[in-house]
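Heads up, the chain shows up twice below as structure tokens, two forms, tagged structure 1 and structure 2.
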Structure 1
């Protein structure tokens, strides 16, 4: 049989296939707390419980997995998050009552201010304090996925400035340090934090100053390549 004949006859539905979803753990910082976006499920299974924003791939619309995840996030936030990366893929026979399922999980960051207005207009989406998830009964294995995302984010806070994407495009160094401290759950030495960022030339000084407060802090923005930069040493954990 030629490849052409093979492809003509091929039909995915002739085989037993798992169901595939994309789900995202979207973090932000607000009021000195780390928050994660959850959606109240309107459909079975786990109807009425809180779960991660996500859903099925639209084979006709989505070109890649990341696009599918972004499309689903955009339904809740109206904008695409400035940072998104693949976290892990969970799959198994028992994690979804509908059958063998695969969830391609993403971890993303967004500035609270950049999407809060739209989220409030979407009745089923809400920011939840990460520290207070213990009380909630989350759908599927979404609690475990959030915990994995948190671990990864904590690691990144030790050796990168990826957490900057939880802030608006322009931000101050004290703001960035605060975000890191919130993620890590402990204070960081100001001098160490600033020194390594300056030495690696990761930020662009916009020349502007933040108006509020006492002394005015300089406003910076990320260089494009800075999200991939990795310091050779970790901060103390």
Structure 2
């Protein structure tokens, strides 16, 4: 039998298939704290509880898992983050009351200023302070997924400038340092941070200025390749 003949006779429904979804942990920095975007579930199971924006893969529309994650974020929250990456895969017989399920999880970042108008237009979507999630009864195993995403984000804040995606397109060096400190939960030495950023040549000076106290601070934006750069030593070192 040739491969073509085999595929013609093959029926995917001959085997049990688990429920397959995508879920995204979307972070931002606002009010000097880290926030995560949650949606209130309108249907069972876990109706009325807060959970991550996500849903089932659409075989007729989604060509990749990332496309599915971005589509569900757009549907549930009306926003499209500039940065998203696959985080982990969660699966098991007991994580979803509807049956054996697999969720491909993503982590994303967006500037609060770039999305809040969209969030306010969605009645069941809301930013929550990460340090107050213990007060919420979250759906499914979403608390564990958020914890994994938070740990991954903190690691990236140590050796990359991925946290810059939580800022507007143009930002100052103090703003970049601040967002790193918010994510890490600790201060970073100013001179060392600036020296490391400048030596790596990760930013473009826009030539614009922004008022910063009594001074004018230069505005920068990320180079396209900057998100892939990794510092040899952690930024806190």
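Residue numbers count along the first chain shown, from 1. Heads up, when I say rigid core I mean the largest set of C-alphas that superpose within 1.5 Å between the two forms. Note that the structure is predicted; figures quoted are calculated from it, not measured.
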Practice task
Choose the one of the two that is the form predicted together with the DNA.
Solution key: 1
Problem - Shift of residue 212 between structure 1 and structure 2 at or above 2 Å (CA, core fit) - result: yes
